[in-house]
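Here you get one chain, nothing else, as structure tokens; it is the form predicted alone.
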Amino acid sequence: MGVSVTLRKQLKGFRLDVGWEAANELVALFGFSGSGKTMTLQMIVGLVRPDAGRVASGSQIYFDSSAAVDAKPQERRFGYVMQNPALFPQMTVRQNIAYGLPGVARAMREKGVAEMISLFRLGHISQAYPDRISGGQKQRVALARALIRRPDALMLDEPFPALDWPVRLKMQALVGKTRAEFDIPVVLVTHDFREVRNMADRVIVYADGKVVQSGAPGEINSSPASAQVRRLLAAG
């Protein structure tokens, strides 16, 4: 199973025109803020409609402008975690995780929640409310909620910059473990090349709404394709 996208979107003063594939690997979309990385994820998961293009996961097509296919976000089997975990403040950790699995029998939902709480080691805070847990714990809850449906792929939109570096390292390791556990592609948006080196199997470099280079982190670092990519590496 893999993710394949071609996306075009015209906004005032900005045009996104990208195409790439992610196999069963962790792919980092790397570039400066405003280069189109987050917009790409939003179009993949169905929050923003492309002007044209295609979004597919394996043989399942979620968007195809040429065939008038445009699946609703809840119909797309993608987990999605943002920088802001967006947990419901009036719900406990357990309830927030359960929210990711609507429309199923209670017994099945409870079984799924118990599995996620065990996998992400959240048992000791399962009855706590979001204002009583740390930033790292909130992101673990967000990951658990995104993965409880057993999605075809996981989309991570700069989920860790607000965390202290030691916590970020632990979360990066957890994502790697999670990818292996669920055996799915992970697409990570980041502008931090340290994060790319620590996590990614492959890097897709964005600049001004286009893909300007792709390859393994070591390859990008040792052989940047342009002065633009060298500036990105120096800044990241």
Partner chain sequence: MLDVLLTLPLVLPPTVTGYYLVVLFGRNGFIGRPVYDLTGWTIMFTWQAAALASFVVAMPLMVKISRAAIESVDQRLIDASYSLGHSEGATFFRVVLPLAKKGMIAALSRSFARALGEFSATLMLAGNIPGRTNTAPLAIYSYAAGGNWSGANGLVLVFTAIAAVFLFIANRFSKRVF
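Residue numbers count along the first chain shown, from 1. Quick caveat: nothing in here was measured; it's all calculated off a predicted structure.
Absent from the display: the form predicted in complex with its partner chain. The rest refers to it.
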Considering non-hydrogen atoms and a 4.5 Å limit, does its partner chain approach Phe78 in the predicted complex? yes
Please tell me whether any heavy atom belonging to Ala86 falls inside 4.5 Å of a heavy atom of its partner chain, as the geometry stands in the predicted complex. yes
Any non-hydrogen atom of Pro161 within 4.5 angstroms of its partner chain in the predicted complex: no
Looking at the partner-bound form in the predicted complex, is Ala173 within 4.5 Å of its partner chain by any heavy atom? no
Contact assignment for its partner chain in the predicted complex, among Ala71, Leu119, Met82, Ile125, heavy atom within 4.5 Å: Met82
Of these, 110 to 118, 132 to 140, 145 to 153, 161 to 169, which stretch puts a heavy atom within 4.5 angstroms of its partner chain in the predicted complex? 145 to 153
Looking in the predicted complex, is its partner chain within 4.5 Å of a heavy atom from each of Leu47, Gln90 and Pro102? yes
